[in-house]
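Only one chain is given next, in C-alpha cells, and it is the form predicted alone.
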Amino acid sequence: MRSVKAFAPATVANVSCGFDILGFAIDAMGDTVELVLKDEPGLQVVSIEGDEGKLPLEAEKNTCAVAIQAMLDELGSNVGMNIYLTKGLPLGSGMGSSAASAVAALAAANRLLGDPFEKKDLLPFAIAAEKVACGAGHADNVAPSLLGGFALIRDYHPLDVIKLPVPEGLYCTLLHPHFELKTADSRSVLRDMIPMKYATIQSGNVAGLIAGLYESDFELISRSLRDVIAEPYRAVLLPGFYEVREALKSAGALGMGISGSGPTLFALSKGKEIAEAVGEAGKEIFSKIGLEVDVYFSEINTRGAYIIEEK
C-alpha cells in the first residue's frame, strides 16, 4: 500500500450547555486528506484545495502535518509522506475546520502505517494539532470528528473522553451566515467568574442533555439545550441571533445554539422534515436582515473519520 485517502466530518462543539466539554459530528460535510508514501523522510504538504490559499503549506504550521508528526514521534518513525488536503469546510466557521483536517490526516496515516493505534488513541495527536491551529488543545471538535456521535470530554489529565449514544431520528441543521467572527473575539467577551446560580443551572442542563441522549428523550434534550454561561455574551456578536432562535423553535427545533465560537448556528430536531423546515425558517430571517446564509442539515454522524480509498 502506497497511498490512503480518508474523510473526517464537520463538528459542532459546546452544544449549548456543554461549553468546552461536549461536541458531535455531522454527516453533511467534512475534509478529505490523501497521503502518499515517499522514499525520503519528512512530511510535505503538496497541495491544499478549497481554502482560497489561506492555509499554510509549511509542515510545522499545517494541522495535517503537525498531527501526523506527533504520531510519528510517538512511533519513533521517520517515514516520509506527501499530504494532499481537500477542504470541504469553510475556514473560521465554527464547524471544526482545523479539527477535521487533522483527524482525516491521522486516520489516513494510521492506515498507511498498518493501524498501529486504536482509533481513540489517535486523539492526543489531534489535540497537538489543535494547539497549533487555535492556541489551545481542546478536544470537543477532534473527539467527535474522530469517533463520531456525541463526545463528552470529562478531563484532560489524563485524557478521558466518553462517546455518548445518539437517539434514532435526531437531525442537525447548520446555518452559516456570511460574515467573519474571530475565535479571539468570541473568547474575549466571556467572563472569568461564574455566579454559583448559573453554574448550577448549567450543570443541570448538561446532565439533562446527556440523560436525554441515553433515554432518547427528545423533550428532555429540548429542555436542556440552554447555555447560561457563554451564549448570553456571545449572542450580541451574532446579528439576528434571538430572532433566528425564535423562528427555529417555532419551526419545531428542539433547541438552537452557537456552533463552537460561531458564527455558525446549529439546531437539533426530531426527524428530517423538521430539520429542513428549521433551515428554511432560519434562512428567511437572515434574508430579512440582509445576510446570506448557507444551510446544511443531516443526521448525526456516528462513524467518525473513515477510509475512502487505499491503494
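In case it trips you up, residue 1 is the first one in the sequence shown, and so on. As the structure is a prediction and not an experimental result, all values here were calculated from the model.
Beyond the structure shown, there is the form predicted together with another copy of the chain, which is absent from this document and is the topic of what follows.
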Inset, instruction - Could you tell me which stretch in 148-156, 235-243, 71-79, 93-101 has residues with non-hydrogen atoms within 4.5 Å of another copy of the chain in the predicted complex? - result: 148-156
Inset, instruction - Please run the contact check for Arg191 against another copy of the chain in the predicted complex: heavy atoms, 4.5 angstroms, yes or no? - result: yes
Legend entry - another copy of the chain contact in the predicted complex: Ala211, any heavy atom under 4.5 Å: yes
Inset, instruction - Look up in the predicted complex whether Lys119 has a non-hydrogen atom within 4.5 angstroms of another copy of the chain, and give yes or no. - result: no
Legend entry - Ser186: touches another copy of the chain in the predicted complex, heavy atom cutoff 4.5 angstroms: no
Inset, instruction - Check, residue by residue, if Glu168, Ala277 and Ser298 all come within 4.5 Å of another copy of the chain in the predicted complex, counting heavy atoms only. - result: no
Inset, instruction - Heavy atom within 4.5 Å of another copy of the chain in the predicted complex: which of Leu85, Ala139, Ile229, Ala133 fits that? Just give me the one. - result: Ile229
Inset, instruction - Sequence order please: the residues of 1-27 with a heavy atom within 4.5 Å of another copy of the chain in the predicted complex. - result: Phe19, Asp20, Ile21
